[in-house]
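Quick heads-up: it's one chain on its own, the form predicted alone, in structure tokens.
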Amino acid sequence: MKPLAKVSSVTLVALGALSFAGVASAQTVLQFVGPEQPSAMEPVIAAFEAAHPDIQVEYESVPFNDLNNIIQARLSDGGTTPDIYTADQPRIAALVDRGLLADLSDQADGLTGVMWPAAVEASSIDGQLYAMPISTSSQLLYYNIDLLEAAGIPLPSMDPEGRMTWEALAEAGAAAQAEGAQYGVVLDQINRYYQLQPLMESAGGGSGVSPNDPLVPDLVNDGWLRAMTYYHDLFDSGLGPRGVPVEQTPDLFANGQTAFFVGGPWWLPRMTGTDGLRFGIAPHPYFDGGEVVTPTGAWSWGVNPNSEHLEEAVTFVSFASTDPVGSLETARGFPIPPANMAVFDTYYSEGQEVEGVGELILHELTETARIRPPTRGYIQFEQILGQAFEDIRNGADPATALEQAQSQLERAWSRL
């Protein structure tokens, strides 16, 4: 794509990609591919080009489900573009294994005390930094005030010391259903590992990957069976919905059909903007007697090791993640918590949709957050477990489904 002529403001071009105008004499054009909408990238790219008028950034938005295939297709044979791309943190190990990410360890010193440690850990392999953390994540317990009051259920506390157990949540959800709620408990990413990892970890089952070998699965244990039996029973009892895709689960809460919804903070604008919906926020649940665990991890931005503009690409991703101006502008375009700790405070003080939610997320990121396992077999891990979760959701015996998933993973990982 040819550079655009200089204009007085950022110009968007929707021809399969988005170009941000720099100066007409820009010497370097960086190609950037990611799953975010072009509008999300506008603030940070505009700020970067203002600070670096000799560099122009052209952004191409692609569907999330296609992102990894597109990156591998373009880079696997030594392709020089894109120069920068969005790296899903649990897949960084696989991208490194394929030689698709430049080593950014020279930038690591600048992250100490600036980034959430979990975000740095999720962007590193064997102590080497391979992508710059951009955002992080957590999960919240949303509850419908009207449905709980109708059932005489006390409203949950936002205090992490008073968080609900999964067992108590199921009981309260059933009580709300008895008084008119269509569903008692709905999980946001209803059949995905990110959403369900805290159940297995809280039940003492571990991440599903052996702590001694990142290519040895560990799904057949008492903790995983306890967690998956609970998950099975949510749907078998009718507390949660069968047949509803991930994309529609937030609707069930926004429409007033669900008593409790376990979902990300990115749904806060949706919920606060829904007329007639009275809701509150509480900490993520845990199993009675188990560890308190919440999921985390989100996006990092990586650099193509074959880029012809390696230095400029590193300058851009560093600006977006660690620079106070750049990281705040990056956060403005994203409805998820920034990985930069200083920017996190500004982000939530400027736009806290629910009073206290920033403090709650801060607590979870500091005390309870757990990243997904950094195995180079994560792609197979996620796919096989996704099918197992869906089978269990639809009535399969949890023990049998876990044994089958364990065998499938062993075969798949033996080829890596």
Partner chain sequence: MFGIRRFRPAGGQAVTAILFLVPALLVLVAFRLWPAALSVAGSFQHNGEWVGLDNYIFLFQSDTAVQSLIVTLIYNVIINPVQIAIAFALALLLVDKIVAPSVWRSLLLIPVGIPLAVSSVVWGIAFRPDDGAINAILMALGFPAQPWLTSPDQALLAIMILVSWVGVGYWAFFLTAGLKDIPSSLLEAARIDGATYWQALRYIVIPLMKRPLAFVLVANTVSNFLLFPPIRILTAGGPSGSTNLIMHEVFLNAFTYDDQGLASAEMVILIAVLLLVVSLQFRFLRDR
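None of the values given here were measured: they were computed from a predicted structure. Residue numbers count along the first chain shown, from 1.
The protein also exists as the form predicted together with its partner chain; that form is not presented, and the subsequent description refers to it.
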Query raised in the report: Each of N65, Y183 and D391 near its partner chain in the predicted bound form, meaning some heavy atom within 4.5 Å?
Result: yes
Report summary line: Interface check vs its partner chain in the predicted bound form: of V244, V216, A151, A342, the one with a heavy atom inside 4.5 Å is V244
Query raised in the report: Exactly one of L155, A168, A178, A73 has a non-hydrogen atom within 4.5 Å of its partner chain in the predicted bound form; which residue is it?
Result: A73
Query raised in the report: Should S61 be counted as a contact of its partner chain in the predicted bound form, where contact means heavy atoms within 4.5 Å?
Result: no
Query raised in the report: Q37: heavy atom within 4.5 Å of its partner chain in the predicted bound form?
Result: no
Query raised in the report: Is L252 a contact residue for its partner chain in the predicted bound form, using a 4.5 Å heavy atom cut-off?
Result: yes
Requested in this report: Please run the contact check for Q406 against its partner chain in the predicted bound form: heavy atoms, 4.5 angstroms, yes or no?
Outcome: no
Query raised in the report: Looking at 41 to 49, 27 to 35, 354 to 362, 379 to 387, which lies within 4.5 angstroms of its partner chain in the predicted bound form, counting heavy atoms?
Result: 379 to 387
Query raised in the report: If you look in the predicted bound form, which residues in 247 to 261 sit within 4.5 Å of its partner chain (heavy atoms)?
Result: Q248, L252, Q257
